[in-house]
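A single chain comes next, written as structure tokens; it is the form predicted alone.
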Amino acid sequence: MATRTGAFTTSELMVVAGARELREGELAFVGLGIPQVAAALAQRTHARGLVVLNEIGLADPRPVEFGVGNADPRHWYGASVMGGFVDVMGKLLHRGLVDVGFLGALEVDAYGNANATEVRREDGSIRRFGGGGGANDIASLARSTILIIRHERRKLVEKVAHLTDPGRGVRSVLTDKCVFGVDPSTRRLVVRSVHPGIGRDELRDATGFALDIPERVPTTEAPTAEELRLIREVIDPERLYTKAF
């Protein structure tokens, strides 16, 4: 989905929103795709000391070209450490040293619980996927998590079909229509900002749980010219991840 909103695509807006969630000096487990582009953008703007981890054993890679999977050596370029699964999952994550995990999901519920394992088809049958890999460990043991998902009624649900990742430490949920935060009193997701051009009715219609939209909800801040330049010319010039969600 390469929808244009003004002079930028929805995917570029999501990259920028994700980058702004990442903070200087954090140790972050980052998934492939938009989370990876967002981390690279954060490192080139406000969070130059952000250190990225990959579950196969990489610490602080600085790729000049994205590949197509964790095993693609283009993702490994410039890494400070090239270890193994136990090094990052055991010695860092399980010791409580990881600040944030940036993860995708098949479903997210009203409390930020995520499903990356299986969904129920309309005919009642189950469709199973590859599973969460290390996502449960990351969501359970990182100090906070950022989730990214398409904003559809079948994906933003009242209750996930399978609980892969607990929503214990959710910091935000990024969609192609809005940014969710968490209400500290109820622990439910609440709309923190709405993307340009998205109306309240559209947001409610696309959400499978009762939605808390503040009366004066802000519009998601648009990308700056420099952020767009970095995405298009430096980080993902081939548009591998930013030409679509």
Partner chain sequence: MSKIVSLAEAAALIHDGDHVALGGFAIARNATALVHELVRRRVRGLHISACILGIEADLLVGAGCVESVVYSGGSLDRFGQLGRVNEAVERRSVAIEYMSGLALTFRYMAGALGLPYMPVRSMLDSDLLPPLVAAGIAREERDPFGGGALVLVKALVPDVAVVHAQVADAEGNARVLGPRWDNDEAVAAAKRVIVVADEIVERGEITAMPELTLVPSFRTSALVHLPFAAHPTAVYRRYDYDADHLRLYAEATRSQRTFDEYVERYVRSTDHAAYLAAVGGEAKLAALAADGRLGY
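Here the structure is a predicted model, which is why all the values come from computation and not from measurement. Positions refer to the first chain, counted from 1.
The discussion below concerns the form predicted together with the partner chain, not included here.
At least one heavy atom of Met89 is located within 4.5 Å of the partner chain in the model of the complex. Contact annotation: Gly112 falls outside 4.5 Å of the partner chain in the model of the complex, judged by heavy atom distances.
Interface residue remark: Ile126 is counted as part of the site for the partner chain in the model of the complex, having a heavy atom within 4.5 Å.
Although the partner is absent here, Leu163 is a contact residue: one of its heavy atoms lies within 4.5 angstroms of the partner chain in the model of the complex. The contact with the partner chain in the model of the complex, taken as any heavy atom within 4.5 Å, belongs to Ile56 out of Ala47, Val51, Ile56, Leu203.
With the partner chain omitted here, the record of contacts in the model of the complex names 56-64 of 214-222, 22-30, 56-64, 186-194, defined by a heavy atom within 4.5 Å.
With contact defined as any non-hydrogen atom lying within 4.5 angstroms of the partner chain in the model of the complex, the contacting residues in 135-154 are Asn136, Asp137, Ser140, Leu141, given in sequence order.
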